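Have a look below at one chain only, the form predicted on its own, in structure tokens format.
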Amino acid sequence: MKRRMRWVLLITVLMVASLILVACPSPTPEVIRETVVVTKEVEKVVTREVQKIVTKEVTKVVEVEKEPELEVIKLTAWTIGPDEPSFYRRDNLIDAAKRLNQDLEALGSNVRVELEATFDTGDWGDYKQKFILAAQAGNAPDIILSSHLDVAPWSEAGYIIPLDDYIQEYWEETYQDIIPTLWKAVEYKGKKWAVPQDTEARPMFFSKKLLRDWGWTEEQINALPQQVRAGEFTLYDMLELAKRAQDEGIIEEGNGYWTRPKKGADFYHIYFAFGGEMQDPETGKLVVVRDALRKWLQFHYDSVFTYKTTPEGFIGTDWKIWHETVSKADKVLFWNGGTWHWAEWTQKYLDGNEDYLWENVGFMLIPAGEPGLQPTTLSHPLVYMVTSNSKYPDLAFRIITLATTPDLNSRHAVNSAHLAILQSQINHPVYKANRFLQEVAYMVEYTNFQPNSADYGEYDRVLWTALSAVMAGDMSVDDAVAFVEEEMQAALGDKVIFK
């Protein structure tokens, strides 16, 4: 009986051991386990057969599709803004590149862009020369921001590419929204070579504070811009008023009217105010209107030497001195500048106190040169261009397109006091909330542009040489008029039309 019970116990142990082995996880491949159970009796040894368990690890091969590696394309962009509030010319491109990468990811593309963008606050001449040298060496950036005046010479030199096909591709999406008159600034020989980045007006500013001190009422002060707009207050009315303020001790001699202190486009809106033209719309040739030229030179001579409202030797004054003086509104009665100066004065010279400007500084169009003519202003759009050195012009243009949006352009416009380039910007909340931009918006109706011509550089040089010599007292008005005609005919021949 005891023997039977031991046998049953032995069988039970074996069965349990077998079940445990089966239930255990698979061991390392090719491992052999042997279980030997021996029961001893006095009479004999009972040996059970060896139980051999062989387990093998089964490896299942699963093919997983490997994601393609990202291809990162590096692009470069150069921008400039001697007035520091214009840094969004660079940052808008950087944000546009981020948006492009989001679009590429959404499309399942393995391409990404990495944009290196710079913002130059130095001299315009140095900036342009740096680009020209880079373009000639084949090392130009993919995107260059510069004056619309560079469209003609840089396209002629082969530094930039025409953008008509690209613009057409994104016309419905983006470019039909550009204010139509701005396209004129980027067209040359029937093609569009750039995309407008910003524009502005160049008002005549005046000191409310000094007029108030002189006894003007708020109604008289506030009515002056409308009188200019209606042609009732001319440039010589302005000089007469400034001379009286000097004579009566409201301001010192030479502080009645300040031009810009250095060479630049701001002088030419006075030429337009006297009926001047710069380019023939039919032939594209440059134009000089003799009568307007003489009156333009005479006005600046009179301001310095006849009315003494502009100081002798004024050209060459440091910009910092100029800004510090006019922004305080307590020394100079009239001065012409740009809309962007409003932001520059607020941020750099008035510690962010824009209310001071609203209280003490007014602005208006450049008055007509004489009764019967129109008031005016001048715009000088800056533009984005794609260079011929770019290996990826389609991506470069796509970045420009994604930077040409109401939100990005409005933050640039508001921060730097530039005007809208998109029709939809006018009602964009950020732009619409800016009082200054809303109040100068009408000025674009009276604006003029410098011409897009490969010969404009020489034309500009001759005019500036004559004007600066007259203002310095080194040349009479008659001699300056003769100089302009002789020099232009010698340098440009029939490329310039005299009327």
Partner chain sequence: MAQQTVVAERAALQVEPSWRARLRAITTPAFFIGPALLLILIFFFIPVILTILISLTDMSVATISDINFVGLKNYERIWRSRTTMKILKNTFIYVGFTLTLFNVGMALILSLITTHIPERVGTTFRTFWLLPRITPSVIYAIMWTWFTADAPYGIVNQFLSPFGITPKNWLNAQPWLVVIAANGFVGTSFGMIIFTSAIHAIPVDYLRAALVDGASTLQRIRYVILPMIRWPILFVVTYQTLSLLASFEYILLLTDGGPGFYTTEVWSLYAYHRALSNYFGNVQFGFGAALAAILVIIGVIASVVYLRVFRFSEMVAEPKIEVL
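None of these values were measured; they are calculated from a predicted model. Residue numbers count along the first chain shown, from 1.
Just so it is clear, the following notes concern the form predicted together with its partner chain, a form of the same protein that is not shown.
Highlighted residues Leu93, Val186 and Asp198: none comes within 4.5 Å of its partner chain in the predicted complex, counting any heavy atom. Under a 4.5 angstroms non-hydrogen atom cutoff, its partner chain in the predicted complex has Lys320 among its neighbouring residues. At least one heavy atom of Ala454 is located within 4.5 Å of its partner chain in the predicted complex. When contacts are judged by a 4.5 Å heavy atom cut-off, Glu445 does not count as touching its partner chain in the predicted complex. Using a 4.5 angstroms threshold between heavy atoms, Asp474 counts as touching its partner chain in the predicted complex. Heavy atoms within 4.5 Å of its partner chain in the predicted complex are found in one stretch of 311-319, 175-183, 425-433, 204-212, which is 311-319. This chain is drawn without its partner chain; in the predicted complex, the residue among Lys295, Arg398, Lys243, Arg260 with a heavy atom within 4.5 Å of it is Arg260.
Interface residue among His412, His300, His269, His380, judged by heavy atoms within 4.5 Å of its partner chain in the predicted complex: His380. Scanning 465-495 for heavy atoms within 4.5 Å of its partner chain in the predicted complex gives Thr465, Ser468, Ala469, Ala472, Asp474, Met475, Asp479, Ala482, Phe483, Glu486, Glu487, Ala490, Ala491 in sequence order.
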